[in-house]
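Only one chain is shown below, in structure tokens, and it's the form predicted on its own.
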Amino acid sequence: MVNASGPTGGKIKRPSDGKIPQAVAFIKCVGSRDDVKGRSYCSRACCMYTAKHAMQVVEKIPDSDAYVFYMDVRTAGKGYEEFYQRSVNAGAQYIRGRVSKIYPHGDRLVVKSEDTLLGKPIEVEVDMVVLATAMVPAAGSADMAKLVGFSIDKDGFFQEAHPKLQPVETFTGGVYLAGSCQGPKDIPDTVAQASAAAVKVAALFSKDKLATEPMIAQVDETKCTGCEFCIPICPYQAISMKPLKTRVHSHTVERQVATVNKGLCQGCGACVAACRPCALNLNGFTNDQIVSEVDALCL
């Protein structure tokens, strides 16, 4: 609305009747930080864009009021606290309390809440209410993760390999994350993460040969029964089935056995633990090697 080339020509107007509001209420954490009815996480960017919107209302509409209902104000980025203070100094009124009810009163809206700092209930009559809703994963993101071969977290965002040591990498080699697909974040964090992902990709392209993990799974085709139980277990989609012809009593019999893609396998060992006929082993950590190690330690 404040964009000069936008639908209202840069003027803040109510979508219902086009009236310029003289009082606007902003409600933060709508659907966020709520384990029962919403999302348990903080969407991170809401506090700052709400501060910007409240300041724009006060500056662009003469003699207007901007009320911001909040649980907590989180300003973790560089210069964020100063910007929040600018919003307060510009005239935005911050009220700490959860909104319990919004109901119409004529052509206006009444916002019923509480001021927990003063310890008393409060009602504010406004012309427009703006909600800062939770940032959620894009539709179809779970299907995309399943297709590419990496996991999602409990909230539906793409899961990184390690939050500190590998924040832009996934469990699938060569696939990197950047932006809010990995979790709620604002523009500076997104740009930094995108730069890190680009460097990871450039590092791959700078080499003539790709170094792979030596401790990968291997299949004993004589033991494999072709049950395919290992395929959904593998988080890297490195296992598939292939046909194998064997001679049985002068007859050729074709059966399906598992095969491991050496370029995709990361040596996690999940398939080894899940293999029922014990046809899978991990190079360097075979069952015989582990038993021998235990025997040597027990001497």
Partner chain sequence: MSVETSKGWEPKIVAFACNWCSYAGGDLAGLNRLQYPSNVRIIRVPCSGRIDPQFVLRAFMMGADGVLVSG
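Positions refer to the first chain, counted from 1. The term rigid core refers to the maximal set of C-alpha atoms that superpose within 1.5 Å between the two forms. A quick note: this is a predicted structure, and the numbers were derived from the prediction, not measured.
Below, we turn to the form predicted in complex with the partner chain, even though it does not appear here.
Asker: Would you kindly say which of C42, V30, I61, A270 lies with a heavy atom within 4.5 Å of the partner chain in the predicted bound form?
Answerer: So the residue touching the partner chain in the predicted bound form, by this definition, is A270.
Asker: Pick from I12, A279, A23, L282: which residue has any heavy atom within 4.5 angstroms of the partner chain in the predicted bound form?
Answerer: Contact check passes for L282.
Asker: Check for me: heavy atom within 4.5 Å of the partner chain in the predicted bound form, for each of T286, D295 and L299, yes or no.
Answerer: So, yes: the whole triplet contacts the partner chain.
Asker: Can you tell me which of 261-269, 32-40, 52-60, 245-253 lies within 4.5 Å of the partner chain in the predicted bound form, counting heavy atoms only?
Answerer: Of the options given, it is 261-269.
Asker: Just checking, between the shown form and the other one and with the core aligned, does L177 shift 2 Å or more at the CA?
Answerer: It does not, since the L177 C-alpha is displaced less than 2 Å between the shown form and the other one after the core fit.
Asker: Superpose the two forms on their rigid core, then report whether the C-alpha of V68 is displaced by 2 angstroms or more between the shown form and the other one.
Answerer: Moves: no, less than 2 Å.
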